[in-house]
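Only one chain is included here, represented as structure tokens and corresponding to the form predicted on its own.
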Amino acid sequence: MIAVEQLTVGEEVATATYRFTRDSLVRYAGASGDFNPIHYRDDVAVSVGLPGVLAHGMLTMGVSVQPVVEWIGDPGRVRGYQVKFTRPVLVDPSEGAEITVLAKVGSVSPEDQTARIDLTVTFNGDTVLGKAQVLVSLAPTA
């Protein structure tokens, strides 16, 4: 288990890269019930002014927390998670899309035995989630 005293603000704790394909989007649509055609049909996406098919925002958000969950070792230690959607992830029909997640310690609270982990999530060099922060508990368990 990671102790709060072991963490330093600015320290990198996890990185990961994830690929989305059009198949990923269809599977996510089935799991989430979000069948908005902008997530699987180029003609519809373009007709509403988008450059093409976009990944679901909640898919991007959900995948982006995974490196923190793996680092902390227990999804139950995640006490809060927030993001601001800043840019869409355009999913090419043949190439797909790749997002990169970098997780760093944003703050540490020895009193509460928590840490705020700040995420930088990028697609094609642009940040796609702003103010992406995960609050994790580092308190010992019984």
Partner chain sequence: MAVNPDIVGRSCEPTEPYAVGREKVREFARAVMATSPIHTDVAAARAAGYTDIVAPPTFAVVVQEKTLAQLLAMPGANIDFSRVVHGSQDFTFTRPIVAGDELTAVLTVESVKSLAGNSMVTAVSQITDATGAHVVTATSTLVVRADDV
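Numbering follows the first chain given and starts at 1. Bear in mind the structure is a predicted one, so any value in this text is a computation, not a measurement.
The form predicted in complex with its partner chain exists for this protein as well; it is not shown, and the discussion that follows is about that form.
With the partner removed from view, the residue among 112, 98, 92, 70 that has a non-hydrogen atom within 4.5 Å of its partner chain in the model of the complex turns out to be 70.
Its partner chain in the model of the complex is not approached by residue 44, whose heavy atoms all lie more than 4.5 angstroms from it. Although the partner is absent here, residue 75 lies within 4.5 Å of its partner chain in the model of the complex, judged by heavy atoms. Residue 18 belongs to the set of residues with a heavy atom inside 4.5 Å of its partner chain in the model of the complex.
Although the partner is absent here, residue 66 lies within 4.5 Å of its partner chain in the model of the complex, judged by heavy atoms.
If you check its partner chain in the model of the complex, you find a heavy atom from every one of 24, 59 and 81 within 4.5 Å. The partner is not shown here, but in the model of the complex the stretch 85-122 reaches within 4.5 angstroms of its partner chain through a heavy atom at 85 alone.
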